[in-house]
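Let's start with one chain on its own, the form predicted on its own, as structure tokens.
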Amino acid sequence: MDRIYLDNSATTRVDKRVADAVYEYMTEKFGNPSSAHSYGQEAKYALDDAREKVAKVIGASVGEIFFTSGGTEADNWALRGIADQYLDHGKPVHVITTEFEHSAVYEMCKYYTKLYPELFSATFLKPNAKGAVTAEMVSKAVCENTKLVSVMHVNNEIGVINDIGSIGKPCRDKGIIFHTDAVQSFTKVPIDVKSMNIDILSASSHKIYGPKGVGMLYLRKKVALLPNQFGGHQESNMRTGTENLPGIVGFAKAAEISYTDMNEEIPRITGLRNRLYELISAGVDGIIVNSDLENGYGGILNITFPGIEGEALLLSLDLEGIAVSTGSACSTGHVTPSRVLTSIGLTAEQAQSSIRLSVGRFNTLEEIEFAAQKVVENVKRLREMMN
């Protein structure tokens, strides 16, 4: 069997329909959207069309979408753009986020805490036993200087879906800006920025079968945010510089496809994930399932295999042609246990005995059954070696 890719939460293969659209705007319709001639106008139309397609997915207006280089830039911009408005005037800022937030948010908060120790503070909420953060937790953490709440929609390592709508309501009622990292949920879980009281939202292309290096920030019209770049007029003077038009067109095409097919694709992916779990749990004793199989996102399966090293299992499976992960792609190379897994109560040893298998559009039942068989075989072999 050919190589099997089960790391779709790290990145996805670009859909051929998306690749064709990208290629067209690299080779034929290559104009600069800021140019006045026909090439530029053709490019400008494509940019406007892409903004409309992306906005439709989350129920936003076209003027509320700003294209970025990806989810990390969008997350950074959201935090910095809000905090600096107050810090520049010497006013204290308190941010509420979570212990299992993506590093783009988590590390940004840590950095600002060190940079402005007397003015900037952050509360990192610990998730509950199911790995979720609730509106009650957020409300209890609010203080006089709370300016921003940032809670991710779907966690990238365990797949838990936070009830963003219930978290957003008290934030709106109290006049606190609410940001959500929707990189793992965009086109996979229904999002309506209005009914969910979302002020700022981050999303990325390469998680939905689009090209790398492009993403977006949704910014509600009535919310003030400092610009992310200077030196031009692009993106309504908020994120200047010539737009990555081929990437943006590809992102929009990927969003259009995924959004249109969501009601069929996600149940199919969930079914494959469930079959994967069924076969692994039947073949291996003593596993700990870190994903919420009933209410979480159906494409992520995070399992702890006590008695073995997750990294050893990853390498063993890679030799079999099967790609999995021991955590988020952004943490690869770190020897410390997953911050996400320890936040939900796993010990450091348990966290380092865990792997994430994430299913996507191009996976087949045959691949899932073969991969499950190889996981079972390699876990048993590694356990025997440890004894």
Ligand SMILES: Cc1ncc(COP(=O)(O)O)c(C=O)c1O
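All of these numbers come straight from a predicted model, not from anything done at the bench. Quick note: we count residues from 1 along the sequence shown, nothing fancier.
Not on display, but discussed next: the form predicted together with the ligand.
Only one of N290, T97, T187, S204 comes within 4.5 Å of the ligand in the model of the complex through a heavy atom, and that residue is S204. For the options V149, V183, L301, A83, the one in contact with the ligand in the model of the complex, meaning a heavy atom within 4.5 Å, is V183.
Though the partner is left out of this view, G70 does reach within 4.5 Å of the ligand in the model of the complex, counting heavy atoms only.
Taking the partner from the other structure, the ligand in the model of the complex has no heavy atom within 4.5 Å of any heavy atom of R273.
Residue contact with the ligand in the model of the complex: K253 places no heavy atom within 4.5 Å of it. Only one segment in the set 253-261, 150-158, 106-114, 302-310 has any non-hydrogen atom within 4.5 angstroms of the ligand in the model of the complex, and it is 150-158. Of the residues in 76-102, only H102 comes within 4.5 Å of the ligand in the model of the complex through at least one heavy atom.
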